[in-house]
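We begin with a single chain expressed as C-alpha cells, specifically the form predicted alone.
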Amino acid sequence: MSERILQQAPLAHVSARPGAAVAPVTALRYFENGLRGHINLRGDPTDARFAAAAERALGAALPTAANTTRIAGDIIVYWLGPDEWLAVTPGEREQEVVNALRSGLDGVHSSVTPVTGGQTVLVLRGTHARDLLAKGCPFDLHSPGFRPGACAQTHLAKAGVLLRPLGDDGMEIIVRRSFADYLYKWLETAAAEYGWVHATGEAPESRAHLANAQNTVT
C-alpha cells in the first residue's frame, strides 16, 4: 500500500511565522507561491510543428523575443533562451500540461522536463521592492524596459534567480529550492530599513489586473 505524499513549499517554515502587529507604511510584503508546477521546455521555435504543439498545450504562442513572458490563463511562460522556456502552472495542472506537451510533441525534436521539485516562487510587494533587490542584484531593475511582460535571469545575493516585474511595486523571484532559505534570510535582513511582513497571498483582483496589463505588452 502506497503512502500519501505530503507536499510542502520550501519556505513553509518561515511563512508560518507571524508578522509585525503594526507594519510601517514602507514595509515590504512577502509570500511564497511554492506549490506551483515548473516545466522546462526545449525545441526549435522555427519548427512549425513544435510551435503549434506547444501553443495547443499551453494555450498561447511561446514568447520568442528575448527576456519576455506570456500569460495564458493560469500558465506563465518565460523565455530562457532561443530554444528554451519555463512554463509555470498551478500545481494541480502540472501533469496535465506535461502530458499535453509530450503527446503533442511526439516525433518532434524537443524535450519536456518537469523541474518542480527544484524551484520555488517568491513574491515581493511594496514601494521599495526594486530598491531592496538592487542591494544584491547587478541587473538594472529600474530600467524603463523592465516592466510587466519582461523577465530577466540574473543573480541576487549570489543566488541565480529569474525575475518578473509585477508593476512598479512588485517582483516575482524564481529561485532554486536549495537556495530558498538562504535567499529569504538575505531579503529579510536587507529589508530591515523598510520593514518586512509575511502575507498569505495576493488578492485575485490584483492578479487579474496584472495579467491584463502584461498581455498588452508586445
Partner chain sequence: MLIIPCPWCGPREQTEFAYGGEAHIVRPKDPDALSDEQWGDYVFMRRNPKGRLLEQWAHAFGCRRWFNVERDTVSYAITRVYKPGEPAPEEAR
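Residue numbers count along the first chain shown, from 1. All figures in this text were calculated on a predicted structure; none of them were measured in a lab.
Same protein, other form: the form predicted in complex with its partner chain, not shown, and the subject of what follows.
Within 4.5 Å, heavy atoms only: does L80 come near its partner chain in the predicted bound form? Contact with its partner chain, yes.
A66, heavy atom within 4.5 angstroms of its partner chain in the predicted bound form: Heavy-atom contact with its partner chain at 4.5 Å: present for A66.
Would G73 show up as a contact with its partner chain in the predicted bound form if we use heavy atoms at 4.5 Å? So G73 does not count as contacting its partner chain.
Indicate whether its partner chain has at least one heavy atom within 4.5 Å of a heavy atom of R42 in the predicted bound form. The answer is yes: R42 has a heavy atom within 4.5 Å of its partner chain.
Among G118, G145, P90, P138, which has any heavy atom within 4.5 Å of its partner chain in the predicted bound form? Only one listed residue qualifies here, and that residue is P138.
L35, A190, A51, A152: which sits within 4.5 Å of its partner chain in the predicted bound form by any heavy atom? Answer to the contact question: A152.
Within 4.5 Å, heavy atoms only, one stretch in 153 to 161, 27 to 35, 181 to 189, 55 to 63 touches its partner chain in the predicted bound form. Which? In the other structure, the partner sits against 153 to 161.
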